[in-house]
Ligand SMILES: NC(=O)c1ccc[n+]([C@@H]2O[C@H](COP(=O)([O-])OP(=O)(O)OC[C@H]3O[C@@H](n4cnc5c(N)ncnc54)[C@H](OP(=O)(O)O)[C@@H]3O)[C@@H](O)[C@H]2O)c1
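In the form predicted on its own, a lone chain appears below as structure tokens.
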């Protein structure tokens, strides 16, 4: 299946990590940024790391959102609302948006481990509210750290996918499982994203206490994949 995946915030650690993993798996990637020159530079760095015929380019956020079939939101939560309002008129009908963001805040001098209250219930539900009709949303990948994505080794993590749209659930799950070691699990309705997002704060705290960067989540007792 031919598709173009845009990553808004693709110059950051999580966005560039996802770009690297998916481009290695053969996906066509557009790295989006407020600064198209920075996006092009990041795309060139990721492409050079992969080598061969990796399909990777950089563009500004508007171009990325308007031309891609799947758009992954990896910008900090604090900037999401403003960005989505800026992009409101550019989306193609049928686009799937995958929201990876988490509403976290840090105490002064500390790590971002405190959840912010979101009126809509979760970051993903806020995203859905700010998107036009005809664009579907899935929440996924919140609990997979950027440091793991940047490496070459398989990850040890289940990926919960929450959405009210079957197509969005399917595409987000397919992309999650393009990351070696990851297993996608249908987490139910989009409103469940508020639970999944809160797990990120827990994992950050666990990583800090155990002085690691690799804590993930696994669910047991599920039927084996066919």
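Residue numbers count along the first chain shown, from 1. Fair warning: this is a prediction, and the values are worked out from it, not measured in the lab.
There is also a form predicted together with the named molecule; it is not shown, and the following applies to it.
You can rule out all but one of 73-81, 150-158, 124-132, 87-95: in the model of the complex, only 73-81 has residues with a heavy atom within 4.5 Å of the named molecule. Within 4.5 Å of the named molecule in the model of the complex, a heavy atom is found for not a single one of 67, 136 and 171. Although the partner is absent here, residue 163 lies well away from the named molecule in the model of the complex, with no heavy atom inside 4.5 Å. In the model of the complex, the named molecule sits within 4.5 Å of a heavy atom of residue 38. Contact annotation: residue 205 falls outside 4.5 Å of the named molecule in the model of the complex, judged by heavy atom distances.
Proximity of residue 146 to the named molecule in the model of the complex falls within the 4.5 Å heavy atom cutoff.
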